[in-house]
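Below, in structure tokens: the form predicted on its own, a single chain.
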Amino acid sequence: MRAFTRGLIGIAGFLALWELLGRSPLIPAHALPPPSVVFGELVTQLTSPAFISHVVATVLAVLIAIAIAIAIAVPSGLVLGSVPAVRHATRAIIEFLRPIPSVALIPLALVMLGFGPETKITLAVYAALWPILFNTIYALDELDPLLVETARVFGTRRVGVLFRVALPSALPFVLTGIRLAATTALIVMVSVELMAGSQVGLGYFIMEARSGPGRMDQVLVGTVVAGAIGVLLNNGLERVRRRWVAW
């Protein structure tokens, strides 16, 4: 309760400062609308089916991207973490690909995949892969060799050791990687929607709001909703981690 109260105080202080700056004569009203205006517009947008469709499109695309990233990164991490020869053979290409920002691949993705949802999902998967992959690999580095030897003594084959010993031991690391990957995927998703000419999603809503006369209150509505989605994803996955791997 003490931490929750401090969090509320921090949010209240931030909103009060924002309100003062938004109503200050030093900053044009159209450049930084105060939160009272932004949250009023938020209530209006939440009753709009078009805005809800943008939110749903972004959330669904993020969830699909996270699911695909898990399906690729966890098995790959188990193999790379348990087979040194494969890990050494792929280290150079992985270290080359990992630092490339997803947004730098937007032109290539548009040429190869077009302007459909496949582009933003693919780039979000690319960004979300790395936290899950490396957390899985690091988890296997921390695996107690005694557990592996005990499983082998009882006749467990290599695949059985991976899924019965290595994966349960790696689960706390994997869930942490998924939590980091979820917010990363959301950032990339909104960025691609904003920059790649998507026809639906929060990024598209923000791009439309800033064009023409420029509705900064609607731009901030899209930003606030994106931030709220990120908080919900992070807190939800943290609760899952605490529930599943409390040990």
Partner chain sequence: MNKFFQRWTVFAGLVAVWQLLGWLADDPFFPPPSEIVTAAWQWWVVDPRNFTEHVIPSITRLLSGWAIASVIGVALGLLLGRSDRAMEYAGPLLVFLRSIPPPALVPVFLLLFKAGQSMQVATIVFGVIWPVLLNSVDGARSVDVTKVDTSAVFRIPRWQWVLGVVLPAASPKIFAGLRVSLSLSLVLMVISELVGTDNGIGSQLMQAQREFDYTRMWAGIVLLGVLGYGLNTALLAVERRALAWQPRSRDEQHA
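Positions refer to the first chain, counted from 1. Because the structure is predicted, anything quoted here is derived from the model rather than measured.
The discussion below concerns the form predicted together with its partner chain, not included here.
Contact annotation: residue 131 falls within 4.5 Å of its partner chain in the predicted bound form, judged by heavy atom distances.
For the chain shown alone, residue 206 is a contact residue for its partner chain in the predicted bound form, at least one non-hydrogen atom being within 4.5 angstroms.
With a 4.5 Å cutoff on heavy atoms, residue 191 counts as touching its partner chain in the predicted bound form. Its partner chain is not shown here, but in the predicted bound form it comes within 4.5 Å of a heavy atom of residue 195.
Taking 83, 71, 104, 159 one by one, only a single residue has any non-hydrogen atom within 4.5 Å of its partner chain in the predicted bound form, and it is 104. Although its partner chain is omitted here, in the predicted bound form none of 19, 59 and 65 has a heavy atom within 4.5 Å of it. The partner is not shown here, but in the predicted bound form the stretch 80 to 104 reaches within 4.5 angstroms of its partner chain through a heavy atom at 85, 87, 88, 89, 91, 92, 93, 95, 96, 98, 99, 100, 101, 103, 104.
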